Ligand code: NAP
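Listed next as structure tokens is one chain, alone, in the form predicted on its own.
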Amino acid sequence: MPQIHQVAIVTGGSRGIGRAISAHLAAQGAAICVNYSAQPEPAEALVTELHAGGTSAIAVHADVSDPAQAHALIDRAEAELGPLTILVNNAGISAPATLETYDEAALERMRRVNVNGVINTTRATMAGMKARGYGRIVNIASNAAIGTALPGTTFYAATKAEVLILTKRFALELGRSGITVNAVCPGWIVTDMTRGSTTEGEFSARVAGMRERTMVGRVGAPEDIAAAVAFLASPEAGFTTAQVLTVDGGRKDYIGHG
């Protein structure tokens, strides 16, 4: 298989799962655009680290829920790093809620980032990938989208379920142009987001509880997700598209009858 100069954008790529994905793709030789929306310091620190390892990398601020900013993100990445070959739609937010605590504004904000963000970046990316006849798009969803029973995740799960159907439909639309579109559904991963504002004792108890819900007897690390993304983003994954890869340690607490 001929060598491809890989250029990757990882949205929300400076922390947690996004950081691990950025570092893993860089280790495999890709140039990396680390996108962030709020905090420049972690993104710039990661870029400095990648540069030290010999990787071409830039940090770019953009709120991908805004179509204009999504287009500007792709334009700058291609201007500075070269034609884009990999798009990882990792940016996402969570607002825990139940039916009783439902907040329409919070759900709308989640949908703009988690769903519209995927649409905006994919639309901004697809013309170049189509012209070159090659592309890898990987969407980060959640196992909540396919029915875990963790309380408070209902509306977050709804946004991630939208990501799954978009993944399949975009794969259908783009496949004949040499572009694959797949999704990874992480389980419970130790990150700043899952740690939240809990105390050390509270967090340890949470980890122990989540560990017991898995077949493998442990919770996930960001690197577990990065490894799955790296395969789907590789040239060797050209016959894999419209797929949902669940990486959750074999969670046992799914709801539903299907």
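Numbering starts at 1 and runs along the sequence shown. This is a predicted model, so every value here is computed, not measured.
Below, we turn to the form predicted in complex with the ligand, even though it does not appear here.
This chain is displayed without the ligand, yet in the model of the complex the stretch 139-147 from 167-175, 139-147, 122-130, 78-86 comes within 4.5 Å of it by heavy atoms.
This chain is displayed alone, yet in the model of the complex one of A38, M215, A208, A68 has a heavy atom within 4.5 Å of the ligand; that residue is A38.
At a distance threshold of 4.5 angstroms between non-hydrogen atoms, I17 is in contact with the ligand in the model of the complex.
Among heavy atoms of D63, some come within 4.5 Å of the ligand in the model of the complex. In the model of the complex, the ligand sits beyond 4.5 Å of every heavy atom of L46. Although the partner is absent from this view, S56 stays clear of the ligand in the model of the complex, with no non-hydrogen atom inside 4.5 angstroms. If you check the ligand in the model of the complex, you find a heavy atom from every one of G13, I93 and K160 within 4.5 Å. Residues of 172-200 that come within 4.5 Å of the ligand in the model of the complex, judged by any heavy atom, are P186, G187, W188, I189, T191, D192, M193, T194 in sequence order.
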